[in-house]
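Single chain ahead, written as structure tokens, the form predicted on its own.
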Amino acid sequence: MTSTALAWFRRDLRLDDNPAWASATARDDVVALVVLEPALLAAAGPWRRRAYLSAVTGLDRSLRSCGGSLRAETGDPAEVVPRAVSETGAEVVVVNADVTRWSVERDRRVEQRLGMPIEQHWGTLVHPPGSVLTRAGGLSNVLTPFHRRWSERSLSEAVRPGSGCVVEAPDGSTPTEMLGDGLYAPWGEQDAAARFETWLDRVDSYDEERDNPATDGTSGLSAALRFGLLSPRGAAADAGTHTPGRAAFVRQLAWRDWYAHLTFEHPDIDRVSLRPEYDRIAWAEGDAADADFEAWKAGRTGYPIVDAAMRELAATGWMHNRLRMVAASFLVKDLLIDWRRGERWFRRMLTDGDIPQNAGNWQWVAGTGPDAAPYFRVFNPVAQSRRHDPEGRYLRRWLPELDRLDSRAIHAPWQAAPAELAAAGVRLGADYPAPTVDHDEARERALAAYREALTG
């Protein structure tokens, strides 16, 4: 008797080293399904939506090379998945699990409608939640001991697809037919693998170059990991830790796992401070705060390093990790705007926008999460700019109106002499905004607000 599995792809859009796909293809026949969920597509900004749909098309390309195709349907998974099971006669639904409260609730509703459990795997992380614990049996709230235990744990073996026959999608339900004019060029696991191979040629200098936004010093793999085009387990195994650069890169994968494990235990990580005393902070509100928030989003704060980063985000859907910290710190500590507003904006605009990583990083910067930067650590945007982009190469790329300023003045145009600004063709308040706040004064205001929350 022929056995059939339904492989429901979500954020694991690859076939190689994918434990859910390996399990599904151990059956005689396998149906590959992706559900295009209107609520998720509406919440995603333009860059993440484009990347996701390109990755869906890329997955279909991979499946066609196996003799089948991807079945794409639009709607509520609680309705689509049971209907697909009924139509195909699948005995099991196989997935890679996720950690967000939304994903857990979605899967619960699907199981309820199916009347049977979903077979879950963890191909989206190096190590699954609950597998990296302290000696006392809990999840560490500090990264360093988590990383130590994470590193001690052996990597699982790579898995390969089985020999099951990949079923072709019904007429009218392939990504090409479903997306029509919304179809994007395929972006698939082959592209992610090529990018990773290129990265391995440069990874040894990662520890030295990763903080310079003007150079290609980071992996550029965050979106591929976000959508599962690259196996995190495979990336950790192939990179290794035998040089400082490789060890630093693999530590980032451990940090990624840690935030996912924290989210699994604290599903409200994007809504509630994990150190609850900081939910008493009196954040700036009202028209003035809203105007500051809009200026921050638009890259019009008057602080070049913040503005360049925010303009790059709007134009490309990406921001260098160092600049994510600088821009986030400016919103929270200089403008005293609730970190949750910034987290939501980043998550919408980033191609790699993802609740665990994004909310975890915002809580780190805000000082509200476990193992976070202490609340009195406030990034000085001018000092960060001069340290990590000393010649202003990155600033000139995204702030052409400041291009003629020298490598000192470009980091803080308001400190330049009037004659210097005039010679560079810069009129503060016209060609480029004057600073929205004085950093030193804003820092003191933020520290006072944090101290009040802790003692009030």
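Since the structure is predicted, the reported quantities are computational estimates derived from the model, not experimental observations. Start at 1 with the first residue shown and count on from there.
Keep in mind that the form predicted in complex with a small molecule is missing from the display, and what follows is about it.
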item	value
V81, A309, A328, A192 - the one with a heavy atom within 4.5 Å of the small molecule in the predicted complex	A328
Residue (of F346, W122, F196, Y278) lying close to the small molecule in the predicted complex, criterion heavy atoms within 4.5 Å	F346
Within 4.5 Å of the small molecule in the predicted complex, all of T218, R256 and D354 (non-hydrogen atom)	yes
Partner contact for N96 in the predicted complex: the small molecule, 4.5 angstroms, heavy atom	no
4.5 Å heavy atom contact, Y184 and the small molecule in the predicted complex	no
Touches the small molecule in the predicted complex: F227 (any heavy atom, 4.5 Å)	no
Any non-hydrogen atom of W318 within 4.5 angstroms of the small molecule in the predicted complex	yes
The small molecule in the predicted complex: contacting segment from 318 to 326, 107 to 115, 165 to 173, 367 to 375, heavy atom within 4.5 Å	318 to 326
